[in-house]
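Single chain ahead, by itself, as structure tokens, in the form predicted alone.
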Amino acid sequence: MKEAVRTYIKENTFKEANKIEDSTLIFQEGFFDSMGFVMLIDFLEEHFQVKTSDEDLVEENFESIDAITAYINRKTNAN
């Protein structure tokens, strides 16, 4: 799961992908912008079959590869 998220982010960033670590704050450090966020949500919903609710749309869930992976784990284990 983490590898799929990492690969997606590295393939879709407009900055130097080799500088992204699992704990990198991808939005604060400018690797993704708001359009990238929308595309990321689409990817997660399609690839991992999770449904993102309005309550889920907080920075803590999507700020890094680690945070995104934890979010997916919570969503898939809740079902």
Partner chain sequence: MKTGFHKDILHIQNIDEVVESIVTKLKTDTHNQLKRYGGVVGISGGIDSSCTLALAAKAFGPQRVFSIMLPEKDSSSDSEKLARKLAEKFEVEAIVENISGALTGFGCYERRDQAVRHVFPEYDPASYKMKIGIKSAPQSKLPPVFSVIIIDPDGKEKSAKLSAKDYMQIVAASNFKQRTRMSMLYYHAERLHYAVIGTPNKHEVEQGFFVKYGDGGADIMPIGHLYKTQVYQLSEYLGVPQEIIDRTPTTDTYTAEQTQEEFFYQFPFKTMDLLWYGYENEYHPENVAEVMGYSKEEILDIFSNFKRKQETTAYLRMAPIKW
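Residue numbers count along the first chain shown, from 1. Everything quoted here is computed from the prediction, not taken from an experiment.
Although it is not shown, the form predicted in complex with its partner chain is what the next lines describe.
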{"property": "is_contact(residue 59, its partner chain) in the predicted complex, heavy atom dist at most 4.5 Å", "result": "yes"}
{"property": "Contact label in the predicted complex: residue 48 to its partner chain, heavy atom within 4.5 Å", "result": "no"}
{"property": "1, 7 and 21 each touching its partner chain in the predicted complex (heavy atom, 4.5 Å)", "result": "no"}
{"property": "Residues from 32-59 in contact with its partner chain (non-hydrogen atom within 4.5 Å) in the predicted complex", "result": "33, 34, 35, 37, 38, 39, 41, 42, 45, 52, 54, 57, 58, 59"}
